[in-house]
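Shown here is one chain on its own, the form predicted alone, set out as structure tokens.
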């Protein structure tokens, strides 16, 4: 198959058996790659009811046809598993250079199965694959592990590693790569830790055969030229995702004090402009990127360095905790990355605990002596460490996620646990943004923004409107936007630089030799979206509408300050949004795909 490495690497950590098999042509045809490969293999291979942290669960790493290719942002791979955080589907996209090296080593997918009896790491050097002892690395931070492997094997080797968060099975543990890139959400790092796999080290030197080399060169050059000529290139490269911070603050979408508001009175101190001036040293990009959005920063007060913080971390570890200090946010980012916990989920959990403390639901006895008030920087650092190591009553409680923590503590704290399907919400307040609220409610992994960043559409057409056109927009985004994760490329060139998506079509054809329009690929996206829904249904007998509900905060408590002060989406409108969404998706009133829909999408057989 042109454009693919051609093989799947299967590693049984329990037995040490390593095998290779050809990538099925029909899987490439129907699911293309990336998260398409991931959900297909997960649904097919992980038995119903498997313990997410047990030997039957699998961790699947998949590249796409654009991974490792010379097109802008061809550095994405997908990590798929059954989520220990939500009990459903987990998919985490990771940038950097790992995916290119994996593909050049000859693998479209790596399937990790079983549980090792001792800590190990996986070393991949083209066709030579070994499981090696990692006992001396267990307990170390992800940054130290990467430094050690870079010294041992060389700069060309790419590393993905977990920190203590993954080892201690924090249910939202992440996987770190390239000193600042993460497969972040859903607990993929906990699954890797449960398998006693500390790291994957990969080096590849093989070529990827393309169908039309000259057509590939021309299509790639056209995409790079479009990026170079983009009007927003300079600002995007200067600020990256942090450019969003001031915009969110102005429009009332910046999460503030556990999403109780969308505007932060200390916002200017954490804006991208402030960050660039105070802590940024240089820009940092992923494989093949002409517009590096990563910012490498030095927190002088702490004497530390980190890639970041990006917008989501600024929102969740800054304003959402009442912290108006970019150096402190950067240090919280560094701690979370090195310890291996997702900054979005961790920020939500700490914010919930702070609100509980200020309301008297938690006391100093419950917080292990921490004065957990909003804005307390040192308490935030201490709690991040406690979470990663599962130390103390509160650290251990929050390591299981905000939904479980609120269910255990009770006393009304469930009403302000900001999550959907058990996943903590990412960085957009949605009191009065019905498209974005619906996108969170129906996202296939839980309350995550990257599947359908619909908040700009709310501002274009009217943020509080509840109309079929908004629902249609969310569905279109969910079918189209994640296709970049399927293809193995970054979506930010399209999102932030307004690159014409049709420029990718000749690149795909030249690489694979198959002509596909975006309509064809969106149909694949629709199939993948419905298959992930089937996985949730299979793993949770009561799955349906009740799982798609947002936090009550967004329909019960209008913000008192900022651009959205006094604004709210009613509970009745929340249900109207779901009614329209299910109808347009071809699902029943409980949110389950109908037999006719499954037949239309060629999913009837796999569903049965």
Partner chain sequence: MRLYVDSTKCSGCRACLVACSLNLFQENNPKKAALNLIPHFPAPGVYEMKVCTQCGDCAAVCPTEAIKLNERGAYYVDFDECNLCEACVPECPEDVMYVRAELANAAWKCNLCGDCVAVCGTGALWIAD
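For clarity, every value in this text was computed on a predicted model and none was experimentally measured. Positions refer to the first chain, counted from 1.
Just so it is clear, the following notes concern the form predicted together with the partner chain, a form of the same protein that is not shown.
Contact between residue 236 and the partner chain in the predicted complex is not found at the 4.5 Å heavy atom cutoff. Contact check for residue 460: every heavy atom lies farther than 4.5 Å from the partner chain in the predicted complex. For residue 400, no non-hydrogen atom is located within 4.5 Å of the partner chain in the predicted complex, even though that partner is not displayed. Although the partner is absent from this view, residue 393 stays clear of the partner chain in the predicted complex, with no non-hydrogen atom inside 4.5 angstroms. Listed residues 204, 267, 114, 141 were compared with the partner chain in the predicted complex; 204 is the one with a heavy atom within 4.5 Å. For the options 378, 155, 365, 519, the one in contact with the partner chain in the predicted complex, meaning a heavy atom within 4.5 Å, is 155.
Heavy atoms within 4.5 Å of the partner chain in the predicted complex belong, among the stretches 523-531, 464-472, 281-289, 317-325, to residues of 281-289. Looking at the partner chain in the predicted complex, residues 543, 574 and 579 place no heavy atom within 4.5 Å of it. Of all the residues from 60-86, those having a non-hydrogen atom no more than 4.5 Å from the partner chain in the predicted complex are 68, 69, 70.
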